[in-house]
Every structure is written in structure tokens, then in C-alpha cells.
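Just the one chain here, laid out as C-alpha cells, in the form predicted on its own.
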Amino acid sequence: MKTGFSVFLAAFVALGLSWCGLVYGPLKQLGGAQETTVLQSTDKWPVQRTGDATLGLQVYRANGCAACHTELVHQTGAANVLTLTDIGVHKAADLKDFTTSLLGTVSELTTASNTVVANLAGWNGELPKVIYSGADDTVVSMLGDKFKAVGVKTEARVIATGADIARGWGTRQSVAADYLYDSPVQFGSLRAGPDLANIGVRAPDLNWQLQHLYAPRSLVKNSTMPAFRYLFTVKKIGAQPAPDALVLPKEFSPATGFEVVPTDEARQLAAYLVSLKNNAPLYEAPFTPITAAK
């Protein structure tokens, strides 16, 4: 009896601690989350979705889109980038010589010499031109000041890095604030198709989204995405074509005299997809979209 009670007590404590760590802890940390402020702005993030986009999340969920797509951009690091934007009266060859001399005489720039020289190799003066991308923000600041002194304008940026960023799936990592208005959150776990966290930036056209839902291969050759044609109605054309009828290539069009019209669910799903934009710089996920030239 004593042993049984001890086992029960140990199991109860273990389960209680697990519940606190996996349920209560995250709820305490994120349960009261509110809109955050975009860096260097008074704008709030995230922006509340329209009614159609809010309903579209449920259409996305009902159709199992999260089985093949994620909404979670990963980031492995960040880089400081310096870009030449205006070289003034200088010639490219002269500016390369000037830069090389700086790298050889200023000790703080020595570590960046190989990177800068490689970036300027073969440069003929075309702008804008990235001359440094790396972890050292001192190099960006110092080089920018040196160029400014001789009338050369530069742009300094901080960018996120990683495989997802390189694919164009986002400009920064996904953070908790991005999902404030999502219920449920559609993280997904398989990428049979691309991540959709910023598909609204990559493909902001509602008509494109609707056509892609009806006939994916009409827009993306060899797409493996199934066609969601049950979200559309094929009907006979009346006195006038429907204003929202899809304009399809001949091989994907219905029979002559018929047209494809999206249902409310199709429009809601397209609106939701267009609303997916994780493109605001935040305190917990900073990047610099644009900075003033030095």
C-alpha cells in the first residue's frame, strides 16, 4: 500500500511538473501577448485581418493545407551589409584602389579585406554594389564613414540569413507575435510545397491565388499541388460573363460556353493567403529594409 501511494505520488508530481512546463509556462509567457511596435515606426504588428481573410484561415485548415505547407521561417544568423549607391565623380578603378589602400592601412578593416577585395573584383562601376556582408558592424560603420569623406554614398543594412531567407520565403525569422490573430496556428511540419509565411509578399494578387488554387500547373509548371476545383463553380455563361470568372489558359479552361467562378470559400482562402506577410522588422526579429544613404 505504501509503495503504491509512493508510485502514485511520484507520477502525480511528474505529470504536474510536465503540465506546468508544457502548458502553464507558455500560457503565462504568451497568453497575454499584445500587438508589438514595428522598429523605427509607430505602426503596430500584426495587422488585424479582414473578415474574408479571417474566415480563410478556417478554409485553409479544413482543406489540410498545413499537411504540405509550413508557415514558419527559420533564420540562422544576421549579416551587416554595406552597399555602394553613388560614387560621385570617382571612376570605378580609382575607387577600388582607394578601397584597397584603406584595407591595408586601417587595422580595423584588415579582417574584412578578403571579402571586400573579392566583391570588387571585376566591378566596372555598376550600382548598387554590395562591397561587404558579414558579422562585423564596425567594418560597415568605418568603411561608410571613409567613403562619405570622399563624396561616395553608401547604404548600410542588417539582413537575416539562412536557407529559408535565401529561398525568398521571408525577410526574417517567424516569431510569436506573427501569430497573434491566428486560431489555430498553422505551423505545419512538412514542406511538400514552399513555406507560406510571406506568400502575400511573393504573390499578392488575389486573381493569381485563385487561378493557382483552381489549376496550379497553369502558373507553376510541374507543380505537385492538387487542384482545389471543388472550391469553384463551373457554370454556363449568361448574357454577360461573371465579373470574377477566372481567366485561364486554353488547356485549363472549361468547355466552350462555360466559365469558372470562385465560391465564397475560394475567395476567403485567397484572401487569407494574401494576408500572410511576415515582413515587418521587430525588436525580436530585426532587419533593415531601407536606410538613408551616408
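For every residue, the number given is its place in the sequence shown, counted from 1. As the structure is a prediction and not an experimental result, all values here were calculated from the model.
There is another form of the same protein, the form predicted in complex with a small molecule; it is not shown, and what comes next is about it.
When the small molecule is considered in the predicted complex, H212 lines it closely, a heavy atom lying within 4.5 Å.
Proximity of A192 to the small molecule in the predicted complex: non-hydrogen atoms within 4.5 Å are present. The small molecule in the predicted complex comes within 4.5 Å of a heavy atom belonging to M225. Though the partner is left out of this view, P241 does not reach within 4.5 Å of the small molecule in the predicted complex, counting heavy atoms only. Scanning L196, V140, L84, V116 against the small molecule in the predicted complex with a 4.5 Å heavy atom cut-off leaves one residue, L196. Proximity to the small molecule in the predicted complex, defined as a heavy atom within 4.5 Å, singles out one entry of A163, A176, V220, A93, which is V220.
Residues within 4.5 angstroms of the small molecule in the predicted complex, judged by any non-hydrogen atom, belong to 68 to 76 and to none of the other stretches in 128 to 136, 151 to 159, 68 to 76, 84 to 92. No residue in the set W45, Y181 and L282 has a non-hydrogen atom no more than 4.5 Å from the small molecule in the predicted complex.
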